[in-house]
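Have a look below at one chain only, the form predicted on its own, in structure tokens format.
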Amino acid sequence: MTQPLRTLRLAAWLGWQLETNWASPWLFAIYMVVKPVCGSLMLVCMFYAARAAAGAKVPAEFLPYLYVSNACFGLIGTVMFGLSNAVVTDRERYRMLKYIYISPAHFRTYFLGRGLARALEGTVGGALNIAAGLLLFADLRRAMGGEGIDWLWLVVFLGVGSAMLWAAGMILAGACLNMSRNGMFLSEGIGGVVYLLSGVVFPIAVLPVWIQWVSRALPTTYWLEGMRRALMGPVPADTPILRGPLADWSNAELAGMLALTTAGLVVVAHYFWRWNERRAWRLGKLEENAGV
């Protein structure tokens, strides 16, 4: 029991060092603020441009919806795609992946630790992003100040969401074990698909019906809806543009469906990772690199 915990602790410490060693602490802190906030500000500018063109057809409640969703999605991108990036960098840049595999450290636990480091970075970035939004935009302050943050449900969705993010990240990392450096393009492509289908910047009700069923099969859809509920409360009844298929679900129903889809994802991640790990070792993929 001591060895896995030691592996987890050291892997998390290593991941944090790799993420922060390129800059001084103050410069990295500025980066942690500027990177997510600038991405959200682009959506804010798009919102005001749409509102200037369409007027009252774009309700003010739409701004907090997309701002909070985008801030939470940053955690998805950081953890899910950070794990696949860990495979590529450890193998291609540092050329240490095969040594980690043959070391006493548990290989899967090592990537869990790397994911924890990325989760910490994503959580801090998301919190700073929302804090900047509260400071800059009155609409966001009104949305989050009405009923206040539901801390209990926030902890529930963050807890179940952590398992979901790790499982999804391990699926991508497993695929990258058997791919070369171009495995990063797989992560970026899937990131765009998840961004579209999970209702980040618009409710999934605007999608074609058959695509909505794909969206409802993704645990990220329920996680983002739950995070918005925990931070801002339920969708107002007088804003039909924001009321998607999940608008009438209770928080318990959202959490239950999130747990169910996450459990399925964990099972898939377990077998998919194990198959890819064995194949990568058998074919020498753990030490194969692009040589650049």
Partner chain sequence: MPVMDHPPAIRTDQLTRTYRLPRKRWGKSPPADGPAAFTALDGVTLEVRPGELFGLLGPNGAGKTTLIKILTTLLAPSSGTARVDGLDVVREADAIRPRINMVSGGESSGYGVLNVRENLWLFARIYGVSTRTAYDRIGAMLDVVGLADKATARVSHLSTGQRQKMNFCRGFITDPKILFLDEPTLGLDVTSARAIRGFVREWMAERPERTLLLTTHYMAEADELCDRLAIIDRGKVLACDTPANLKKRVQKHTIFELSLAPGRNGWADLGKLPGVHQSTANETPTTVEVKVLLEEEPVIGSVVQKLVTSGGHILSLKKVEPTLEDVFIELVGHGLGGDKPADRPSGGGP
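If you're wondering where the values come from, they're calculated on a predicted model, not measured in any experiment. Numbering follows the first chain given and starts at 1.
One more form of this protein should be noted, the form predicted in complex with its partner chain, which is absent from this view; the next part is about it.
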Tell me, yes or no, whether residue 98 is in contact with its partner chain in the predicted complex, where a contact means a heavy atom of each within 4.5 Å. yes
Determine whether any heavy atom of residue 166 comes within 4.5 Å of a heavy atom of its partner chain in the predicted complex, and answer yes or no. no
Would you please decide whether residue 138 lies within 4.5 angstroms of its partner chain in the predicted complex, comparing each non-hydrogen atom pair? no
Looking at the partner-bound form in the predicted complex, is residue 272 within 4.5 Å of its partner chain by any heavy atom? no
With its partner chain left out here, work out from 218 to 226, 127 to 135, 100 to 108, 155 to 163 which stretch has heavy atoms within 4.5 Å of it in the predicted complex. 100 to 108
